[in-house]
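Below you'll find only one chain, the form predicted on its own, shown as structure tokens.
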């Protein structure tokens, strides 16, 4: 029996098969949630990426914010500290939600609302959130899961709401890391869905997902390109 099947119960097949070691294995969760490790994985850019994400994060007074899936590092406590109405967070892995709870245990005046949900099939009502934050999620999904997740995200965000996405940039053909073939091969082994994500037009995908629910999106402000265009932070607004 393939080893990853030990982690398959209740998990999407792709998550257990390709990312058990990073998100589902207790030793992996302990290892990766250390700031030096996170920073090394992102080539020293974690603080810049988080700072740019937080700079663009302006939750509406009393509005509801959803962080779609947990992330390692200090982003969740930082978002919670800036969210007066409390922070909703959804992840399919209970282990990751437990970690988020521990990180925010000291924030007694601002509640965290964790929910164990698959991003492809969220249990929230339509038009129930003002802001949705995605931090390095989409590139870890196969194309069908990405499309389902975007459709669900556009379903639950109400007109006038904001989507804040921090991700890899478009295909970085001129970046020195991409041009170095051994690195590109290694990254594709560790992130098997990233090459496909690089080829996609994110705005077109979002526009298609919005149209399913009678909505449309517009980019708000200028995209922030970091690490010579390897990463991006971008905000969209949702309309009907």
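Residue numbers count along the first chain shown, from 1. Quick caveat: nothing in here was measured; it's all calculated off a predicted structure.
Although not depicted, the form predicted together with a small molecule is the subject of the following passage.
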>> Within 4.5 Å, heavy atoms only: does residue 118 come near the small molecule in the predicted bound form?
In response: yes
> So in the predicted bound form, does any heavy atom of residue 163 sit within 4.5 Å of the small molecule?
Replying inline: no
> Is the gap between residue 53 and the small molecule in the predicted bound form 4.5 Å or less for some heavy atom pair?
Replying inline: no
>> I'd like to check something about residue 136: if you look in the predicted bound form, is any of its heavy atoms closer than or equal to 4.5 Å to a heavy atom of the small molecule?
In response: yes
> Heavy atom within 4.5 Å of the small molecule in the predicted bound form: which of 127, 170, 147, 140?
Replying inline: 140
>> Give me the residue from 87, 71, 132, 154 that has a heavy atom within 4.5 Å of the small molecule in the predicted bound form.
In response: 71
> Would the small molecule in the predicted bound form be within 4.5 angstroms of a non-hydrogen atom of every residue among 59, 65 and 235?
Replying inline: no
>> Based on heavy atom distances of 4.5 Å or less, which listed stretch (92 to 100, 78 to 86, 106 to 114, 155 to 163) is in contact with the small molecule in the predicted bound form?
In response: 92 to 100
